[in-house]
Structure formats: C-alpha cells, structure tokens
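The chain below stands alone and is given as structure tokens, in the form predicted on its own.
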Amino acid sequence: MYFCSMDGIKTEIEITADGSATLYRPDLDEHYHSVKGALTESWHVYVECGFLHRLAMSHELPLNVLEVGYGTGLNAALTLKAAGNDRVVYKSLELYPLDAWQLDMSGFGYDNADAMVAVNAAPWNREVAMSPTFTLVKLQADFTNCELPQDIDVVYFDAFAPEKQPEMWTRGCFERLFRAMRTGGVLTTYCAKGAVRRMLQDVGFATERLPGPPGGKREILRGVKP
C-alpha cells in the first residue's frame, strides 16, 4: 500500500487485474480506473471506442479531444501514443489536479511509461507541444461551469461515478457538451446506466451500448452527435 497526500486528499496506489496501477481515494471510496484493469479499460473505452473510432471517420485534422477528468493522465498518455503522426489537440479539465509525485506509477505495469511521465510533467494551464503533431492543454477548471472548447470531435467523459459526483452527470452538462461538439463528434464513457443513456438521447446524441473492456464491465456507452 502506498499512501500520498495532496491538499488533504489521500490517495493509495493499487494494482489492478491486468497488472497496471490505479489510484484509490478513501474519502470517496472510489478508484480512478476499473480494478479489473486500468490500462485495459482506458484503452478500450476511450482510445479504441472514442478516439480511434472518430479518427477513422474524420477527414478534418487536427482532431480536437476533450477529456472530462484528467485523473492520473493515463487517457492522455495512451492517446499520445495512439495518435502517431495525426494532428491532435488534447484538452483535459480537472478541478483537483494531483501532484506529479502522486502520479509516478511508471513502474506499475505501464509499457507506455515514457508517455505517462511526459504528460504528467507538462505544466497546467498552458499549451504544450508533446510532439510535432500533438498539443496538450491541461486546464484546472470546474467542468460544471467553465467555458468549454468548441468544435470538439471526441469527448472522454471520465468523471467519478454518478453517485459520487452527481453534479457532473446532469442534463445541463451533457447539453453543453453537445452544443460544443462538431457534427459526427463522439462521446464515450464507462458508465452504461440507463439514466445516463436517456439523458444523452434527450439532448440529441445517437447512443449505443458497446461491449465493455475484456474482463471488465459488461457494457459501456458511446454517443454520436448526428
């Protein structure tokens, strides 16, 4: 067990079923990723079903990605690796960023440790060129009331669970995302609850339940702006 403390918030590194690490917050009784496999979940839910799916359909570059909930930086690192030479602008919103030393999980089952180190070393609230074609912008901001980027192609909706952060999972929040997205834009989330699916449908998304990650949740959600 490894305990860290940031602004009074305690986190604990835990190894998940696929050998990769996640963080656990005792105050919320919540993990940052699935205990069935942090790396497996992030790749499947966000990169494979969101980013790569949209990249295959889009002829407009750069591809604009918005992540709701930066967390440990895993989604950003995986997207950086997956992007290759395609032009990407990746923006992430996080109200409570973790300290860099809390995020030093490079020795815990991550083959992409160099990308994890790079994205977590990038300063907040600045545009940083991670490669000649990949721009990262980590914004310390409250998703529920901040100004959202426009012309979004992909949304990674990775907030804590609805019962832990209900203010993040409202119709108003999804309406704001819908308006900020381009036609054909894709939103993915690990949460497949019927109430969330119905909210996405109500604001205009065409939704589908997809198989969850291997060994993990049975289903996930993807919404597309028609």
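Numbers follow the displayed sequence, beginning with 1. Everything quoted here is computed from the prediction, not taken from an experiment.
Not pictured, yet referred to below: the form predicted together with a small molecule.
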Is there a heavy atom of Thr170 no more than 4.5 Å from a heavy atom of the small molecule in the model of the complex?
no
With the partner left out of view, is Ala141 within 4.5 angstroms of the small molecule in the model of the complex by any non-hydrogen atom?
yes
Even though the partner isn't displayed, in the model of the complex is Phe178 close enough to the small molecule, meaning a heavy atom within 4.5 Å?
no
Could you tell me if Leu93 has a non-hydrogen atom within 4.5 Å of the small molecule in the model of the complex?
yes
Heavy atom within 4.5 Å of the small molecule in the model of the complex: which of Tyr70, Phe51, Phe174, Trp43 fits that? Just give me the one.
Tyr70
In the model of the complex, which of the listed residues (Val47, Leu200, Ala159, Leu66) lies with a heavy atom within 4.5 Å of the small molecule?
Ala159
